Structures are given as structure tokens and as C-alpha cells.
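Starting off, we have a lone chain in the form predicted on its own, written out as C-alpha cells.
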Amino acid sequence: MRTTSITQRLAGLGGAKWDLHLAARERRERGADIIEMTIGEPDVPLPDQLADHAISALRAGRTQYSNGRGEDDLRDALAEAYAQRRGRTFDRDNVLCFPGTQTALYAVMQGVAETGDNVLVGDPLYATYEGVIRSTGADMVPVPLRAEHGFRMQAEDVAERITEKTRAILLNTPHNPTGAILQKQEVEAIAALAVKHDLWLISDEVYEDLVFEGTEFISPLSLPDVADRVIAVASISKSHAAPGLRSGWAIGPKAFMDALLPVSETMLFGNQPFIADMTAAAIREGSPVAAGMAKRYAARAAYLADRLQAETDLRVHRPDAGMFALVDVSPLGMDCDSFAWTLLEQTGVAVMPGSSFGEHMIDWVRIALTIPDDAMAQAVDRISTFAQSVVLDPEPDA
């Protein structure tokens, strides 16, 4: 039987990127000694007060149909929070609610790009970005994020790739997988390009609440000169340790949200009222767990970097936010896939090969910082021992 062109455009962009993670989990379920450092699961459970909000809403019968925009109280809560954070006025008509950041980003991309268009995105990139772009029929144009610039997107690299086919720039700040945060002048320079070339600027900000001490997050939503062309997406998955509840949103110009509403209604016709009630409470009360997570992840990143750089030839990029750190494995003479798979086979430590996150990550692996401190110490012991055991082939005689 035939399938449609979208299945062909997305072929190879789904679970294949997570083969190592799935293999590690299967081995662990069979009883193998596996330390899993692959995906970004928060290291704390859903806060009790949020569970209580959801349960109360369920018992109150908040299980009826919603509407395509999302529950009004949640949209009001988000508008209030964004007005306070971004220093601009928002109201409920600037917001559409979705089941998680991923669904929000998929819908937004349907509203900005189509067949024949280009969308610029930093490389490395989160593993699903290529799929949400290619789902529209548009082509993804990678913009290299260079280690010498701290993996932060540079306006000159963006400018070189803008053509008459370009319709949008997709930002991710704080960034997954690198943990980089765009600086104010960098955001302003990229925003200026969006104005000059009449482009949409889409900002995935799901890690905003996991910024480490001493760094500052700047959203393009805070720049009034581009208010009519910026759409941000986020959720409570990371900030409130609630990835499985799937509660996210898109916020941006009212005219864009009105135009996108039929897409939202066609996809899902609103989010679940009882989860919306819980999310509204989460937004208004703030996260009781985000600060602790950020502190722990920063400490684990520092521990990982200090030990590996003292004991091995591996080089660690220290993140500014988020749940991950990158490790450059090229000094061992290995690429990311051979390193990650050999590490799993020989030590039971599972890390993500950089190839899952773009063509510019062939020398890097991504390590999740979300495991307990004792498991982190054990994992670093194993990685260090493994790295010290790798012997480079001698240079051939001239």
C-alpha cells in the first residue's frame, strides 16, 4: 500500500536517532548493569501540590471538551507571567495551548513554512527539529553552532544562509544539546536579520527556568521591534518536572494565533481542562523544583568537566543551562558513534552520540546530568577508565 509524501519526508527521523538509548534501556530491563545518561528526564518527581491540583480538577469534573485555543484561565495565567518576564503587554489572545512544546512547535511550523521554503536552525539541534520542519514540505538549512563561539548562533552565519526561500529562523535558547544561552547582543543581531528579510523568528524556550547561576536568559519576545514576528514555545515539562503530562503553549502575535487556530482545532481541539487547571496553578505559583534542579545540574556539569579534563584527554563543554553537557571525544581518535557504542558495550554507561543532533556533532557525545550524584560519580569513574584505556594508533612512518 502507498503512503503519503510526509511519511517519506520523515523517514529515518523518528526513533532511529534514539537507537542507543533504546538498546541501553532494553539491556537494563534484562538486568544488565546500565547507567543511563541519554535523555532529559527531570531528577525529581512531579511536585505534590501540582498532583493535588490535577486530582482536584479531575474530581471536579474538569474532563469535558476544551476549545481550540485552550482554557481561558491558563491563557490568562500565561499572559500575566509573560508580561512580567518580558516587560511587554500580553493577553489571552496571544496564547494557544498544546500538549507539550513538541506539539506547539509542530503547529507553529505549519503556520510559517511550506513546500519550497527554507527554515534556518542551529546545528547541533534538538533531534525533532528536522522533522517538524520537513513535515511542512520545507527544507531545513543548518546554521553551524561553533564551539569557539560557545555553541551560540552568530548573526553572520545566519546572514550567509538567508535566500529568497527563507521564511523563518528557529532559535533554541537555552539550547539542547549544548546548554548554551544566546547573549543579548546576539539575539538583537539575529532579530535585526529577521526584520531586514521579513522572516518569522521562532524561539523554543523550554529550558528557561533551568538557567545556572551567573548567567542571564534573554528572549526575543522581550524585543519590541520584532514583536510582530516572534513566536515562543515552551511547557512545564522541564520547569515543573512534568514531562509526561504534556502541557505546553505558543505565545506570539494575536494575528498569527488567530490564523493558526484552525490548525490547532484540526489537530486536537484544545488541551485537557484538568491539566490546564494544574498548569495555570503551576504558572501562577512558580516552580518549587526548578531552582534545585538547576543547582544540581550545574554542580554535576562542573564535576564531570573537572574530572574528565584532569584524568583523560576528553574535553567538556560547560553548559550555561539545561540538563546536558557535551564531551569532545575526538582526542581519543574516535567519532561519536564508535565512542558511545563502545562505551556502552564495555562499561554499561549509555550516552547519546552527537550524530543524533546534527552533522556538526560528529566529535561530541551528549551526557545527561539528571542521574543521582552517586550514579554520576560511578559513571565518571567508568568513562575515565575507558578513556584512559583507549590507545591511539601510532602515526605511520613517513
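All residue numbers are counted from 1 along the displayed sequence. Because the structure is a prediction, the values reported are computed rather than measured.
Another form, the form predicted together with a small molecule, is not on view; read the next lines as being about it.
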item: Sole residue of Tyr82, Tyr129, Phe256, Phe212 within 4.5 Å of the small molecule in the predicted complex, by heavy atom; value: Tyr129
item: Option touching the small molecule, based on a heavy atom within 4.5 Å in the predicted complex, out of Asn271, Thr101, Thr279, Thr178; value: Thr101
item: Stretch in contact, per heavy atom within 4.5 angstroms of the small molecule in the predicted complex, of 294-302, 168-176, 309-317, 114-122; value: 168-176
item: Joint contact, His21, Arg28 and Met37 to the small molecule in the predicted complex, by non-hydrogen atom at 4.5 Å; value: no
item: Contact label in the predicted complex: Ser235 to the small molecule, heavy atom within 4.5 Å; value: yes
item: Arg246: touches the small molecule in the predicted complex, heavy atom cutoff 4.5 angstroms; value: yes
item: The small molecule contact at Val206 in the predicted complex, heavy atom, 4.5 Å; value: yes
